[in-house]
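The data below hold one chain only, encoded as structure tokens and taken in the form predicted on its own.
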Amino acid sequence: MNATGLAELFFYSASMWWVIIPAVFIGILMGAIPGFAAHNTIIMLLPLTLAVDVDVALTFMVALYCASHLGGGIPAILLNIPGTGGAAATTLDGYPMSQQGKASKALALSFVASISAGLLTSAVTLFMLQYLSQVGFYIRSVEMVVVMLFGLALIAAIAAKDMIKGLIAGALGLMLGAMGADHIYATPRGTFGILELFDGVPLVPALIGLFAISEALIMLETRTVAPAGAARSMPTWTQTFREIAGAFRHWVLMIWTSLLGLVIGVLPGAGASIAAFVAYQQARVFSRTPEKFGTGHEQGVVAPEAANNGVTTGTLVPLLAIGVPGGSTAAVMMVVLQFHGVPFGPRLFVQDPLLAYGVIMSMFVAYVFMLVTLFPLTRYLSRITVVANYYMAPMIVAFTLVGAFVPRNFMADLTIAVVFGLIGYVARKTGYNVAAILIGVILGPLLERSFLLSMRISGGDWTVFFSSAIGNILWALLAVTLLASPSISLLRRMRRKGDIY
């Protein structure tokens, strides 16, 4: 599509402002409540999307989808409660910044990284859609195994502070993630006869329990999240805009982590959680100050939020190009497109190319509107951290338990959330990292599925994992990440101290 066509498409998408602005605020609100992800919200509003024209419906769904990913980082920073699985990595440095009285700065970093990543990846996809659609054909289960290992490598990074406890937490997460029917014979394992665990540990109740409920119990032991001095001050508009401008110092990190999220998003079944964990782990490896990660480091907020929002564009690529939804939200969009009789795959670009490119342009325009609607919120949202915890904790538990029930409508999920909440509370009190547990719960089943699929296809030949050029490159990068990064970090520390020149 030429520049003139893109300009016309931009102005047409911008004329949908009356759809985009409400969708943005609904998406932020739902993304900030654990359990109310974009696909749940779209399903609840499905009759509305089926009653309007297809371009209006797609614009509404795309804007809501983008905003929900951005909104998931707000409670992750302010309350240590990720609104979505993709924001779980944001808690590692976002919440420590709030505890240090830097909540507005952390929110500014999150918003700048999210919006910049969305704008960049949308623009890249508009010009490279036909090439990005081919990525899924070259990344198979063999390569996905290595991608999962990149995410699991974050457990090793977390364990570096306390090796024994970090590895135990990661192993516990992998064990919990193994619950459910096995991937070959569908034999239940570790379900204790509970039918609701047959499909494995549900992610949303586990996420809510490990982070929200356990954090609510911890909050009752302190007065507020922010230090006492922060309660008497509020960021001025000058300070707010200075923090927003300062976030652009990390523009290089934003670019490569958002592109990483875009590529991972193109892979069907990968998702924002994997992208955020991999981006955080890689940002830590290549940082000049890796020891600061986990203590309230700015790069630890930028990397996962940029990758998280880079995924949003990527998940739509396989849907538009080959008719395969890249995630649950894309699957719901597929239902709407089918209802309106829209073709998928190459036929879409032949019969209605404006609709295909219009979806991506709507995403770009949605992020443009977020520029002017969200940044002022950094000044006011940071005040949540000075609200007394004996007010916040009951509200957190009430909202999150509803969120645990919504995805599957099983009462057993409330029990699962409470059990994981107790596990998370004990882990926090004894010094174990709940993020390491969650990484195991999320990535363990995905790794096992890809591993078994590769072995079955190869007839049990383990050399299949080294049978492709892309896989071998990923193996080499993983080896460099795990083996060379400690030496690189040591050299950097020595150079800063002046021991070597």
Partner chain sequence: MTKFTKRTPALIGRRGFLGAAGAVAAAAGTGGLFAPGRALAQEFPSRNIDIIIPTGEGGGADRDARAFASVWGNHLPTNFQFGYYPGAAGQVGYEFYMSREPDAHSLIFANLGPEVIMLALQDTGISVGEDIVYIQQTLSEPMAVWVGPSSPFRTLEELVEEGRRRPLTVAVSRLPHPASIGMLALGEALGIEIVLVPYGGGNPTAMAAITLEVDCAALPVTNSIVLDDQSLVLGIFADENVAPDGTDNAPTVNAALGTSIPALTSSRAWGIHRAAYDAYPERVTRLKESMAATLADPAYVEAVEGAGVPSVFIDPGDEAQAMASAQATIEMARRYRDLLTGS
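Numbering follows the first chain given and starts at 1. Everything numeric here is computed off the predicted structure, so don't read it as measured data.
The next section is about a form of this same protein that is not shown, the form predicted in complex with the partner chain.
Colleague: Since only the chain is shown here, I'm wondering whether Gly246 would be in contact with the partner chain in the predicted bound form (any heavy atom pair within 4.5 Å).
Modeller: Gly246: no contact with the partner chain in the predicted bound form.
Colleague: Counting only non-hydrogen atoms and a 4.5 angstroms cut-off, does Val252 reach the partner chain in the predicted bound form?
Modeller: Judged by the heavy-atom cut-off of 4.5 Å, Val252 is well away from the partner chain in the predicted bound form.
Colleague: Report yes if any heavy atom of Phe198 sits within 4.5 Å of a heavy atom of the partner chain in the predicted bound form; otherwise report no.
Modeller: Looking in the predicted bound form, residue contacts with the partner chain include Phe198, since a heavy atom lies within 4.5 Å.
Colleague: Can you tell me if Phe60 lies within 4.5 angstroms of the partner chain in the predicted bound form, counting non-hydrogen atoms only?
Modeller: Residue-level check for Phe60: yes, a contact with the partner chain.
Colleague: Could you check which residue among Phe410, Tyr380, Phe241, Tyr131 gets a heavy atom within 4.5 Å of the partner chain in the predicted bound form?
Modeller: It is Phe410.
Colleague: The partner chain isn't shown here, but in the predicted bound form which of Val263, Ala153, Val124, Val324 has a heavy atom within 4.5 Å of it?
Modeller: It is Val324 that has a heavy atom within 4.5 Å of the partner.
Colleague: Choose from 187 to 195, 90 to 98, 112 to 120, 304 to 312 the stretch whose residues reach within 4.5 Å of the partner chain in the predicted bound form, heavy atoms counted.
Modeller: Correct option: 187 to 195.
Colleague: Listed by sequence position, which residues of 41 to 67 have a non-hydrogen atom within 4.5 angstroms of the partner chain in the predicted bound form?
Modeller: In sequence order, Ile43, Leu46, Pro47, Leu48, Leu50, Val52, Asp53, Val54, Asp55, Val56, Phe60 come within 4.5 Å of the partner.
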